[in-house]
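Shown below, as structure tokens, is a lone chain in the form predicted on its own; questions about how it binds or moves come after it.
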Amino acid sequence: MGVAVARQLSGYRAAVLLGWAVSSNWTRPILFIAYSLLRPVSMALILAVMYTVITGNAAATRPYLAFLIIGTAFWSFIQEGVSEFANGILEDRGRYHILKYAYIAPLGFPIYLVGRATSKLASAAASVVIVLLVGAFALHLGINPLQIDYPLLVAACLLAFVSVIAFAITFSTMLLAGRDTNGYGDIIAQFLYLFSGAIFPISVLPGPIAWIASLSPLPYWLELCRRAILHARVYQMFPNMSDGEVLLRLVVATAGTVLLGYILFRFTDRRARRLGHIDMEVNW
């Protein structure tokens, strides 16, 4: 039993390192880290400049600026965990032709996928910290590391990570059915960007769309992140809910995402094996 667990952990570690190497295109770590950090920082600063120009830097608008910056910071997890992960799996099949070998390896294909997804989320974590530091010291959003509710923040992020990994794995296996699906990961990530509450509350969406968005764990995750960091000093999407109620909704939405993702993954996995999608030649 212990040997089997050690073998799985070793394979998981190898998948994480492979994901990091492929994502960085085998470049020097310092150069890749600099690029990974500058991209979200530049996005946050662009949003801050646009918002300041539009609102005239009025003091009353500071809570909503904090809403934008924190949403942008944590969105790195979705960008890396969904878009970059899906593109990476498609590259493993179509560009590097190694997906079929990972599929038949003793490690187990789900462990390989989780390891690849973990490497994406790990690189996004550093981006979140840097953007929050920029918000605290450059944009003066009032972020105090000593006042952050870390238990609430960690609980919300762990649940969100489970949801993101489940969604990303399911989505990437669905994309294996296509012969030319490069870029679809970016499309779905931008779609989620609009319906997650990252840049505006989901209440401004049309009624049916807002209801569909409320079924996702992402709005509740971002809401808890904002509350944990700035408490009542930030615009809230669910002002009538307590932290516990929002956390409960996040738990339920995460469980639903994992269950639905598992069902779809089993279906798409069997279909991919039956139709030869794992080693299919694609247009690169």
Partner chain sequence: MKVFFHALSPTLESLSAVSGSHPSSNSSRLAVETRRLTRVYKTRRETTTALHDVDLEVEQGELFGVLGPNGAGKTTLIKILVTLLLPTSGEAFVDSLDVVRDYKRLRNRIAMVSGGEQAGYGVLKVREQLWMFSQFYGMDSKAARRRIDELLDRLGLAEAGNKEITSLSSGMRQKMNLVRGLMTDPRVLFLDEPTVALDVGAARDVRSEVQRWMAEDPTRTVILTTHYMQEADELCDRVAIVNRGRIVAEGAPRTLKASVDEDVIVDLQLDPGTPLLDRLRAIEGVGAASVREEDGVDRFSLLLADDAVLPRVMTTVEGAGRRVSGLVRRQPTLEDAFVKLVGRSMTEEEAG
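Numbering follows the first chain given and starts at 1. All of these numbers come straight from a predicted model, not from anything done at the bench.
Same protein, other form: the form predicted in complex with its partner chain, not shown, and the subject of what follows.
In the predicted complex, its partner chain stays beyond 4.5 Å of every heavy atom belonging to Ile165. In the predicted complex, its partner chain lies farther than 4.5 Å from every heavy atom of Leu260. Although the partner is absent here, Pro151 is not a contact residue: none of its heavy atoms lies within 4.5 angstroms of its partner chain in the predicted complex. Among residues of the shown chain, Ala102 is one whose heavy atoms approach its partner chain to within 4.5 Å in the predicted complex. Each of Leu17, Ala21 and Asp92 comes within 4.5 Å of its partner chain in the predicted complex, counting any heavy atom.
The candidate stretches are 210-218, 154-162, 110-118, 130-138, and the one lying within 4.5 Å of its partner chain in the predicted complex by heavy atoms is 110-118.
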